[in-house]
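Shown here is one chain on its own, the form predicted on its own, set out as C-alpha cells.
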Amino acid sequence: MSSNKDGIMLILSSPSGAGKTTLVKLLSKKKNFHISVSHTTRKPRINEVQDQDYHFINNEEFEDLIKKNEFLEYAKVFNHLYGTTKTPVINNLKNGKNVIFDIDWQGTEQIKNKNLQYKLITFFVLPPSKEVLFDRLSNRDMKDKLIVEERMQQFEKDILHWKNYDYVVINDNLQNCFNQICDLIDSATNNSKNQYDKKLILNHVEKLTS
C-alpha cells in the first residue's frame, strides 16, 4: 500500500517533437521530480549523455532485461526499443521521491495496467499545429526528410491516444505550458479545483486531425 510519505508518479507523453522532454527537464529542476532514465537501443543524438539522457544499450542486452522481467514497461518506437526498469523507480517512490517518466502511450498503458500502489498523474502534450510540429522536427538533429515524414505519419497515430490521459496540454508557449502542468499537478495532489478546459482540448485535437 502507498502512504503519504511515498512519492508520486508523473507521466508525460507526446508525439515526437511536441516538447515533452524539455518539459520533463523543467519539472525535474523546479518541481522536485526525479527523472526516470529509460534504456534504449537507439544511438545517442548529439549532446545526449550516457546514463543521464538514456541508458544506451544494444539489442542483446535489452532482450536479456526482458527475459529477466526487469522492465516496468517497454515498447518499440521507430524500430528501436525503449524501456523503464522497475527497481530504481520503486526505490525512489518508497523513499518519498516523486518520479517523472518521459515515455510514449504504449509505456503509459503498461504502467497503468500494473496498478501500482502509488499516485499516478498522466499528461499528453500536443503541439500548437502540425506546421509547428513539422518545423520543430526539421530543425532538430534529423535533417533527413524521410525521418521527418515518418514522424509526421506516426503523429497521426499517436494523437489518437490523447483520451487515455488525465490531462492534455498544448505546448504553444513553453513557460505557459509548464505553468499549466504545475497548476494541474497541484490540483490533482491537493484534490482542489482547476481551470482545465476539456472543450478547448477537444477543439484543438479536431484541428490537428482534420
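Note that residue numbering follows the sequence shown and begins at 1. Keep in mind that this is a model prediction, so the values were computed, not measured.
One more form of this protein should be noted, the form predicted together with a small molecule, which is absent from this view; the next part is about it.
Peer 1: I need the one stretch from 68-76, 86-94, 114-122, 127-135 whose residues put non-hydrogen atoms within 4.5 angstroms of the small molecule in the model of the complex.
Peer 2: In the other structure, the partner sits against 68-76.
Peer 1: From the list 55, 151, 34, 161, which entry has a heavy atom within 4.5 Å of the small molecule in the model of the complex?
Peer 2: By the 4.5 Å criterion, the partner-contacting residue is 151.
Peer 1: Does the trio 180, 198 and 204 actually contact the small molecule in the model of the complex, every residue with a heavy atom within 4.5 Å?
Peer 2: Per the other structure, none of 180, 198 and 204 touch the small molecule.
Peer 1: Would you check, heavy atoms only and a 4.5 Å threshold, whether residue 42 touches the small molecule in the model of the complex?
Peer 2: Because a heavy atom of residue 42 falls inside 4.5 Å of the small molecule in the model of the complex, the answer is yes.
Peer 1: Do residue 38 and the small molecule share at least one heavy atom pair within 4.5 Å in the model of the complex?
Peer 2: Judged by the heavy-atom cut-off of 4.5 Å, residue 38 is in contact with the small molecule in the model of the complex.
Peer 1: State yes or no: in the model of the complex, is some non-hydrogen atom of residue 100 no more than 4.5 angstroms from a non-hydrogen atom of the small molecule?
Peer 2: Output for residue 100 is no: heavy atoms all beyond 4.5 Å of the small molecule.
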